[in-house]
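In the form predicted alone, a lone chain appears below as structure tokens.
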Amino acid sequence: MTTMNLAPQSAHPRQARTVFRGGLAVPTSGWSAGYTQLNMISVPADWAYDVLLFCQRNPKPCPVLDVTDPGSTTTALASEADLRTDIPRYRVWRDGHLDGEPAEVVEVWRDDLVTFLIGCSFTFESPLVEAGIPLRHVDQGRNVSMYRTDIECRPAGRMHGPMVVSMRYVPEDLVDTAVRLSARMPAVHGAPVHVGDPAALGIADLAAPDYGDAVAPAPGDVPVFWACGVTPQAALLASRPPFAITHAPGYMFISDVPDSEYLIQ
């Protein structure tokens, strides 16, 4: 495994991708502050229109920032990156079933795969931190908590499934600030979809996330829920395409694009 002496927060995206390509598998929240992080889903070309339409019909959880040509392993959002190796952990899906979580997907890559890169809420965490909002999952060394909700996305062709949300505990007096700052970045999910009682989203137990890790609140914290780019993975479970590759939840692709590119002034 490649190792480097670098602080994750200040690592340039190229440095981060180098250590991930070398085998480091960690959640990317807190890495490369100031740069856009992305969800990834790669599907056979004959499923690509269904995925594109699903994202277009559900822009809150699925804001598309790039779509590749079939078989391409690169993206204009990070021209020197390799989509097969530069994410810390991947997921391989066959007929809607998880078939493994490898560190790279070179051997299973196909020439007909179309890759969608979708905005990620990790991108707006830097403005939250700058505003004095603590990130409990980062402080506790955990992946962010993610949950399937009982809110069904608008279906598109063969693609259907529930919306997934990420949750961050926010001190009650800073909730309005978190809402205001994230709302300025709609390309990476924007404002929360819900604040407060998780039962309103059909979430029974915050201590049992469907993806990521359970995170402990501090006194006075309120749960705040944002639409999440893991939503397409929930749709893969429901829709069962014959093959797909995604990032593992919380293990994102870090692009070379400054997050200010997606900030509405």
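Start at 1 with the first residue shown and count on from there. If you're wondering where the values come from, they're calculated on a predicted model, not measured in any experiment.
This next part talks about the form predicted in complex with another copy of the chain, which is not shown.
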item: Heavy atom contact within 4.5 Å of another copy of the chain in the predicted complex, the stretch among 236 to 244, 28 to 36, 207 to 215, 57 to 65; value: 57 to 65
item: The single option of Ala183, Val195, Leu98, Ile133 touching another copy of the chain in the predicted complex, heavy atom within 4.5 Å; value: Ala183
item: Ala48, Asp69 and Ile264 all contacting another copy of the chain in the predicted complex, non-hydrogen atom within 4.5 Å; value: yes
item: Non-hydrogen atom contact Val106 with another copy of the chain in the predicted complex at 4.5 angstroms; value: no
item: Contact label in the predicted complex: Ala200 to another copy of the chain, heavy atom within 4.5 Å; value: no
item: Touches another copy of the chain in the predicted complex: Leu53 (any heavy atom, 4.5 Å); value: yes
item: 4.5 Å heavy atom contact, Val144 and another copy of the chain in the predicted complex; value: no
